[in-house]
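Let's start with one chain on its own, the form predicted on its own, as structure tokens.
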Amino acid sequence: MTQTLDAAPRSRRRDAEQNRLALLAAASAVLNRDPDASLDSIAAAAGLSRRALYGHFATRDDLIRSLLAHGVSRVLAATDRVEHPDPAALLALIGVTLWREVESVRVAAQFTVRGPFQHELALALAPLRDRVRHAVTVGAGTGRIRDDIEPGMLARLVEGSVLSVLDEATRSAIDAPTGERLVALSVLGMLGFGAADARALVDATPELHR
């Protein structure tokens, strides 16, 4: 009898979590098509009622913050797995990994990065930014990358080079392999590589292309 009574709350919690994940997935897809999409359209895309949505997220901002947290956890987990002894290749790989994580939700990603949540996003991504800054410092110290720009500034410019490709991808039809190559070349160019050397490094690094 106790087992039966305990099973009901567990089942409800499981259903609630499934609904929450469905809402986040729907929000990601719907906001990618229309950053101004209504909560009603998001709930409908998840196959749930507006009331069910409000049971998980009190406001639209709460939903977007949860979507942001979910996305950041994925990005951090993916980039944590990226390793390479060459700091230039490592930075290009981090950029390509970021692209791979957001390529399917380009508009929604831009909405988060450029929108009112950018400060919260910056705080959430602090561990990744610290890693990029460290790689830049190591690369500059060993002469592998340019040393004429202060490491913190160069790290921000590297991040900007990834975002510039994402910007372009929201305006034109860039497929995944093209986007990855553009990100890698943009990062390497910012690090001081000439065009030929950047192409050679990308072509010699299997992890930079699928």
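Sequential numbering from 1, following the sequence displayed. Computed from a predicted model, the values in this text were never measured in an experiment. If you superpose the two forms and keep the largest set of C-alpha atoms that fall within 1.5 Å, you have the rigid core.
A second form of this protein, the form predicted together with another copy of the chain, is not displayed here; the remarks below concern that form.
L185 belongs to the set of residues with a heavy atom inside 4.5 Å of another copy of the chain in the model of the complex. Looking at R51, you'd find every heavy atom of it more than 4.5 angstroms from another copy of the chain in the model of the complex. In the model of the complex, another copy of the chain sits within 4.5 Å of a heavy atom belonging to V165. At a distance threshold of 4.5 angstroms between non-hydrogen atoms, M190 is in contact with another copy of the chain in the model of the complex. Judged against another copy of the chain in the model of the complex with a 4.5 angstroms heavy atom cut-off, the residues V96, P127 and R131 are out of contact without exception.
This chain is displayed alone, yet in the model of the complex one of G47, G160, G141, G55 has a heavy atom within 4.5 Å of another copy of the chain; that residue is G160.
Checked against another copy of the chain in the model of the complex, the residues A29, L39, L68, I149 give one hit for a heavy atom within 4.5 Å, which is I149. Residues R171, S172, I174, R181, L182, L185, S186 of 169 to 186 are found to place at least one heavy atom within 4.5 Å of another copy of the chain in the model of the complex.
A movement of the C-alpha atom of V138 falling short of 2 angstroms is seen between this form and the one not shown when the two forms are aligned on their rigid core. Core-superposed comparison between this form and the one not shown: CA of A122 displaced by 2 Å or more.
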